[in-house]
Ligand code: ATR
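For reference, the chain that follows is the form predicted alone, supplied as structure tokens.
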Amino acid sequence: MSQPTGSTRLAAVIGDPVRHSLSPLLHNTAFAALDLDWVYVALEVGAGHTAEALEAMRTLGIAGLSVTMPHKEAAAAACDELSPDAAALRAVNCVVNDGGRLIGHNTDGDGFIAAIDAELGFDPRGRRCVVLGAGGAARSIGLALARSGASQIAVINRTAERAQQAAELFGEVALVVSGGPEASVIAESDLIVNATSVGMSTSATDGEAAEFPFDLELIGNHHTVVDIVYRPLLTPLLAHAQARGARTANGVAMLTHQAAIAFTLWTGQAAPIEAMTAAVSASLVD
């Protein structure tokens, strides 16, 4: 990448913590691949300072902003306009500075759909899906699956109330499974998505696998199993799913594709997915 100049455009990620973020690597790789005069940095912004950070974006002319925890909900409130997904989720992970007007987007769901298509050739239309979790990522994914034509989205979460709140976003295809999920819901599904932090450890161990809210022996070779965790690359869920003959994918593709959507929103250009994927994959190899 060439040295920044007086005309270099700036994009950034805000979060706390944020030093671990792979976003600078992803976006600076993309800028370099297309020879764009842009640079991307990480800015640590503490909780409670989201609105100030977005106002600074406007004042300083920062062209694009990625938003991570704990700022996604507050960013939605601070934007001038929201995309349909961001409005439905009341959460923003990408802000576009359109001449001083801040437009908030949520690229997680579309990034997930693009990822399973590119990596697995999986089309959710008419398929039965299970989403583990009811947090921000789970809601984004479930909403995207619903809009992509999934015939059923079963939500499994340790707190039934949060599962119900998430399911309400997905419409009539949603099914809340609580109090010990029925085996048939898992066994008859086509896609299982882990959108929780379970399995986010250094190795795929049987002990970690035991934390999942269903018997992993229910997974079969007809399943597609996605874990949005990418540290480690092989999580306990994915290890068991592979042993059962299922097709699997970790969170690298979703991470890359949601960033690629943000890149295009900021620059107006198609993101160099292959270069971005290669860079982030290399960084995650032990």
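The first residue of the shown sequence is 1; numbering continues from there. What you see is a predicted model; the values in this text were computed from it and never measured.
Keep in mind that the form predicted in complex with the ligand is missing from the display, and what follows is about it.
- Only one listed stretch (136-144, 183-191, 80-88, 110-118) carries heavy atoms within 4.5 Å of the ligand in the predicted complex, and that stretch is 136-144.
- When the ligand is considered in the predicted complex, residue 176 lies well away from it, no heavy atom lying within 4.5 Å.
- Taking non-hydrogen atoms only, residue 159 approaches the ligand to within 4.5 angstroms in the predicted complex.
- Though the partner is left out of this view, residue 151 does not reach within 4.5 Å of the ligand in the predicted complex, counting heavy atoms only.
- Using a 4.5 angstroms threshold between heavy atoms, residue 164 stays clear of the ligand in the predicted complex.
- This chain lacks the partner; the member of 102, 169, 216, 198 within 4.5 angstroms of the ligand in the predicted complex by a non-hydrogen atom is 198.
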